[in-house]
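As C-alpha cells, one chain now follows by itself in the form predicted on its own.
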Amino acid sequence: MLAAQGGEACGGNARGVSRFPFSTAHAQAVGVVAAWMEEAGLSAGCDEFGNLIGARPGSGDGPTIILGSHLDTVPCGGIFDGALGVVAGVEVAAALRESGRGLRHALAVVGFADEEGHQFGVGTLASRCVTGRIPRERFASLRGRDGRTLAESRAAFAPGLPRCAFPERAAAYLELHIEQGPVLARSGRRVAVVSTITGIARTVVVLEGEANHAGTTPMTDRRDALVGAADLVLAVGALARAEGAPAVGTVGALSVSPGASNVVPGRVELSIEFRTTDGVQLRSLCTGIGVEAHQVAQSRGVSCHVGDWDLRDPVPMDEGVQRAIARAIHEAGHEPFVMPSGAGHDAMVLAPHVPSGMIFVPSAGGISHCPREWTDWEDAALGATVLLRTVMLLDEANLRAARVLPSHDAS
C-alpha cells in the first residue's frame, strides 16, 4: 500500500513503517496518494495543517461527505493503521468515477497529517487543529522530538501541492480502520459498525523516596521509590480488571532515578492510562488509582504526586450513520456486528462537529502498531465496499443538516 514510503529505518532487525508528520517520508506519501486522488477524479491539495485533501463537487449544493483517516505512523508501525482508510477513500472515488455514478453531495477524501501523536506528544493533532481544539497560537509552543515547533515543521513541509481548505460544510464523516485488537477476528466476523470510541484518561505519577547505597542500606531502612512504583503498576491492572471489560489500564513508561544497579532508586516517574467506553467508569478509575497511589506511598515510606488528568470522554458515533453502515454491511452479504473502539481515532474529534461513523475490519491476531500488523486483503476490500455503499446510502438521504466546521483561510 504505502510501504515504499516508509521513511526512517527501524532499529535492530525490526521492519516496519516509520512515517512521522511533516517528515520527508510523509511528503513522499502525500505525493503518491495525491497522484492517486487525481487519477480518481479528485482535486488534491494540502490545507494549512498539512492534511492531504482530495475533493470533487456534487451535482447539488449539499454539504460534503468526508472520508478519511491518517497517513502518519508510530515508530516501526504496520502498513494498514491509518493508511487503509485514506487509500480506501480514494478507491471509493475511483469506483464512482469508473461507474459514472454522480453524487448530490460533494465528496472529500482526507489524509490527516498527525493522528498518532508521536512527534509532538498530542494525539489526533491534525484533526484537533482542523476543528479549532488546538488554536494556531499553540503552534509556536508545541515542540516536536526533532526540536522544531509545529509552526516550524509545518512551514518547512513542502509536498508540492496547492493550498486548499478543509470542507466547512460537512454532512458526514466516515472512517474505515483496522480494529487493532482481537475482538472482531475472534467473533468470526469480517466487518463491523463502531458504536462508541473509548474514553481515555492519562496522568503521570511521581514517587520520591531516598537514593542510597544498595549494598549498605538494610532492607528495613529503605525508602525505595521503584518498589512503590511496582505496587502501583500492579494496582493499575487490578483496578481495571475489577471494573471488567471494556476497561483497560496501562503503565506504559517508567523513568527511574538515579538508574544505577548499585543505588536504591530515589525517584520514579510513571505514566498511567485508563480506557473505557463508560465515562462514569473512567472517572472512577482515575479516583481509585489516586487513592491507591497515596496508600502505596504511605506503606513504602515515599512521597507521591499525582499529576493532572488529561481526560477525554467516550465519543458515541452518530446513530443515523451507524444505521447506514449496518445496512451497507447487510447489502454486502454480512450480518451487521456492532462493537466499540478501544483505540482513539480522528472520528472522535470530528464527531462533535459533524455526524460521524466508523467501519472496522479485522486485525490478524489482534496485532497492531508493529511490523506484524496485518489485515487480509479480502477483508480490506470488503471494508472499502461497505464504505462505498455507505456513501451512496448517505447521498440518497440527501443530507441537509450540515454542521459548520471552523472557517480556515486557504490562501
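Small disclaimer: the values here were computed from a predicted structure and weren't measured. Rigid core (definition): largest C-alpha set, two forms, superposition within 1.5 Å. Each residue number is its position in the shown sequence, starting from 1.
Another form, the form predicted together with another copy of the chain, is not on view; read the next lines as being about it.
With another copy of the chain left out of view, the stretch that reaches within 4.5 Å of it through heavy atoms in the model of the complex is, among 157-165, 127-135, 88-96, 265-273, 265-273.
Contact with another copy of the chain in the model of the complex, defined as a heavy atom within 4.5 Å, holds for exactly one of Val291, Ala253, Val280, Ala140, namely Ala253. When another copy of the chain is considered in the model of the complex, only one residue from Arg145, Arg101, His213, His330 comes within 4.5 Å through any heavy atom, namely His213. Contact annotation for Arg222: at least one heavy atom lies within 4.5 Å of another copy of the chain in the model of the complex. Contact annotation for Gln180: at least one heavy atom lies within 4.5 Å of another copy of the chain in the model of the complex. Put simply, His305 is far from another copy of the chain in the model of the complex: not one heavy atom of it is within 4.5 Å.
When contacts are judged by a 4.5 Å heavy atom cut-off, Gly121 does not count as touching another copy of the chain in the model of the complex. With contact defined as any non-hydrogen atom lying within 4.5 angstroms of another copy of the chain in the model of the complex, the contacting residues in 216-246 are Thr216, Thr217, Pro218, Met219, Asp221, Arg222, Leu226, Val227, Ala230, Asp231, Val233, Leu234, Gly237, Ala240, Arg241, given in sequence order. With the core superposed, Ile134 shows a C-alpha displacement below 2 Å between this form and the one not shown. Fitting the two forms on the rigid core leaves the C-alpha of Pro265 displaced by at least 2 angstroms between this form and the one not shown.
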